[in-house]
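Next comes just one chain, in structure tokens: the form predicted alone.
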């Protein structure tokens, strides 16, 4: 695969990690589709990326829990660009509700968004990739919660661990078609949503002591990892979960 004129869909790409991924891929020359439940935000983000990186970018409304909206997103992408080369399953939620207090509706919404949404997007995009016979790259954005959890992360951790195994199943099924499937698990990442927390002096000190790299991660750190897995050089990397956390999980205390 060559980066030139390739088309990448990023779900949940209007801000934070998703926007960082979209920006990094655009800077590598990919044309971009930003999918979000907020159509205006998707279009605004796409326009900013197009202007900055000099690529084509399209913003599309899509709720990944709704199969009909996923199908519409795919058809809009194919109508506009004629192809899909990359899918990044980034859309996700984390309610932070204690596992003993969370109700069924919230639990199901987390799994539907994070896990079922990734399944539906991958299955339907992969079918288009297979019929085109040009291969492809599918990336699942998971979490350190693939391996660790907390009392307020039960639904989120279950969904992300499920995504990891879903990725492996798709890697087996799609490998013979030249389509690789891998996961990127972000560590602690500084975004607009988390900045107020991580920039507090005591939390900044925690990062320095806990993360061997000595700093918190950025959305671009995740974007660069995704871009690597989308490159020609990654064609023999399949079914892998890449932890991008500055060494955080290597520290035992």
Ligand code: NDP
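Everything quoted here is computed from the prediction, not taken from an experiment. Residue numbers count along the first chain shown, from 1.
Keep in mind that the form predicted together with the named molecule is not shown, yet the notes after this line are about it.
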property: 16, 160 and 194 all contacting the named molecule in the predicted bound form, non-hydrogen atom within 4.5 Å; result: yes
property: Contact assignment for the named molecule in the predicted bound form, among 26, 64, 226, 46, heavy atom within 4.5 Å; result: 64
property: 166, 84, 91, 149 - the one with a heavy atom within 4.5 Å of the named molecule in the predicted bound form; result: 91
property: Among 123-131, 75-83, 139-147, 99-107, the region lying within 4.5 Å of the named molecule in the predicted bound form by heavy atom distance; result: 139-147
property: Residue 189 within 4.5 Å of the named molecule in the predicted bound form, heavy atoms; result: yes
property: Close approach of residue 156 to the named molecule in the predicted bound form, 4.5 Å, heavy atom; result: yes
property: In the predicted bound form, residue 33 touching the named molecule (heavy atom, 4.5 Å); result: no
property: Residue 203 within 4.5 Å of the named molecule in the predicted bound form, heavy atoms; result: no
